[in-house]
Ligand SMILES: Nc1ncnc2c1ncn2[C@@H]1O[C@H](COP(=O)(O)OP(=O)(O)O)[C@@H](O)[C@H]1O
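Let's start with one chain on its own, the form predicted on its own, as structure tokens.
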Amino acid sequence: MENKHLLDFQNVFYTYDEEDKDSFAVKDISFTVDKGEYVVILGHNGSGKSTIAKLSNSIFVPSEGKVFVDGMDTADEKNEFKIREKVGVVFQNPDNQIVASIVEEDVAFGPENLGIPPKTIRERVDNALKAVGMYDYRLHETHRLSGGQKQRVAIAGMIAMLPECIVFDEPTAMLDPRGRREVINTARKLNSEGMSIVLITHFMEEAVFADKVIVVDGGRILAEGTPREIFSKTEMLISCGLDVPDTVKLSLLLKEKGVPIEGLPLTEEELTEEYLRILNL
């Protein structure tokens, strides 16, 4: 029977110091990512988010508990290659992920290491660059690209490996607002085409389009639910060093002032629609 869960964390603990079992970076973490699902993991710096990213495709293996990728145990070394074909990780700093001086050569690096035939690599590289809107830059020098463009090239390199899921570990943390939009729009586009996405971030507005949001604090899962459910818990978010999107703040403020807003608008478009409804326009 086909595994519904592409990614499955089961009571996972991880420590960077095997001699100190009390210093767990993640503690009793359990969650799933289904095929085609868009999951956002929120948490402040040091909450355990990046450790979760590395546990997702056997870069790390659990100190305790199990992580399964499409039913394969990440702690079983014979599964390592297949797991990394299924789940790829894009990290925070694009400069640390780019290995070639020309864009298309960088995107081809992964497939070449898989021993893919040259003709197939050409097709994969072109398709991946088109998917992230960087095809016209395929012959450009990577060091001349903006931060957002470099991150999209890093994503293209991952797409060319044809994973079923990409885990983004704070991919926009080092980018300006335009670069952030480029990367998030790329992630949403890939998800709309059927790819599972796990976005790890501390930017609240990046979570509003998720199917599921997981809040991590102190290495533990503090809450899990839809964006609307999570952002309605403002006190909980503030208590663990997080915030809520500006649109949610404005919605709550208007409600306090007596404006009859229904539900909890998460985006500017939703808030505008609700405002027009109130005005009977």
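Keep in mind it's a predicted model, so treat the numbers as computed, not measured. Quick note: we count residues from 1 along the sequence shown, nothing fancier.
The discussion below concerns the form predicted in complex with the ligand, not included here.
Novice: Could you spot which one of P227, P245, G48, P62 gets a heavy atom to within 4.5 Å of the ligand in the predicted bound form?
Specialist: The residue from P227, P245, G48, P62 that makes the contact is G48.
Novice: What is the one choice in K233, K27, H44, K66 with a heavy atom within 4.5 Å of the ligand in the predicted bound form?
Specialist: It is H44 that has a heavy atom within 4.5 Å of the partner.
Novice: Heavy atoms within 4.5 Å of the ligand in the predicted bound form: which of the stretches 246-254, 66-74, 49-57, 32-40 has them?
Specialist: Answer to the contact question: 49-57.
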